[in-house]
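Shown next as structure tokens: one chain only, the form predicted on its own.
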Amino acid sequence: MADDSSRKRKVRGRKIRSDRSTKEGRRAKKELARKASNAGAKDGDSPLADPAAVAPEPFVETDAVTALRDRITGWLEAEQPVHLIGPTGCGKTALALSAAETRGRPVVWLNGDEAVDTAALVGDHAGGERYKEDDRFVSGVSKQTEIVRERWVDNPLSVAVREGATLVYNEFSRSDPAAHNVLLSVFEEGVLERPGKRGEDRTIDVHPEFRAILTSNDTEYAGVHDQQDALLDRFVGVHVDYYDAETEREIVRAHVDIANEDVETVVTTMRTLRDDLEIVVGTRAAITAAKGLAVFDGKRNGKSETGEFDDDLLTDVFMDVLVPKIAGDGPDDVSTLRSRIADSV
């Protein structure tokens, strides 16, 4: 009769194969959605995406995650734009995309950046179109007129408000506040003005199904702009913080196939470092560390006789994950970081 540990390994093996099969099925479904979105966008290069194509994969749904997403979708149902604010690496973007996917409406993605201006949001002229018209109104007389017309290309915000899509504006606060003046009339009067556009179609009436989800890091992060109060007053702000330990374990487990006890070690170490260090130690750091440990454990025989990770290996891996956050601070700071990680481990 096989011992209990052998039985557990077999059970875990079946579970991993089952999990992988489920993940592959979800990935295949998303790939089909992407292909359908791309096929529809070939002619016009539309930013519209099928909601299934943007759904985060994998996405863990614990009670804490579901409750937070329900708050977001609830505010969207109340026709309120939602601003997700929180530290880097806590899952804001995945949460925003999951909430957008549940609406079932097309999704438009926009990434904030210092270079984003009003034209990047609403559209701009993109060269001209030259064509000829033949006038044969009078028999035997042919008149040919050459016409040059400016070609206007709508950018993500214009497409989203016209089509009733869900706009996911990632890193919203990294863009220049001046670019966001056009959003005031969108959220207040339900009209989008397109500066530079001439004629009767200079404005677009906002589609009743248009919604917006914006994400921003906390204000203390570099490259973050303070946005105008008049605009922020029109948002509902939902603060997203790091999840509870069980949720973080589930997130790491969903991304990396390692034993449950190893997941426990990684998440416990990461949460200890989060409390002990002044730098940001997000859930993303735990996922990266778990991927590293899955590789280096086999190469370095990095476990003790009790089956626990060797302290030196844990220190090396978390050092590699976190040292980019202090790049340029000098060798003394690097040495101090390693010492503090070793103490926490």
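Predicted, not measured: the structure shown is a model, and the values here were computed from it. Position 1 is the first residue in the sequence shown; the rest follow in order.
What comes next is about the form predicted together with a small molecule, which is not displayed.
Legend entry - Exercise: residue 171 in contact with the small molecule in the model of the complex, heavy atom 4.5 Å: So residue 171 counts as contacting the small molecule.
Inset, instruction - Flag residue 87 as yes or no: does it have a non-hydrogen atom within 4.5 angstroms of any non-hydrogen atom of the small molecule in the model of the complex? - result: The answer is yes: residue 87 has a heavy atom within 4.5 Å of the small molecule.
Legend entry - Contact label in the model of the complex: residue 251 to the small molecule, heavy atom within 4.5 Å: Taking the distances in the model of the complex, the answer for residue 251 is yes, it comes within 4.5 Å of the small molecule.
Inset, instruction - Tell me, yes or no, whether residue 243 is in contact with the small molecule in the model of the complex, where a contact means a heavy atom of each within 4.5 Å. - result: Contact check for residue 243: yes, within 4.5 Å of the small molecule in the model of the complex.
Legend entry - Interface stretch in the model of the complex with the small molecule - options 271-279, 206-214, 243-251, 100-108, non-hydrogen atom within 4.5 Å: Careful reading of the contacts points to 243-251.
Inset, instruction - Identify which of 225, 92, 83, 194 has a heavy atom within 4.5 Å of the small molecule in the model of the complex; exactly one of them does. - result: Exactly one residue meets the criterion: 92.
Inset, instruction - Quick one: from 125, 255, 202, 71, grab the residue that has a heavy atom within 4.5 Å of the small molecule in the model of the complex. - result: Selected residue: 255.
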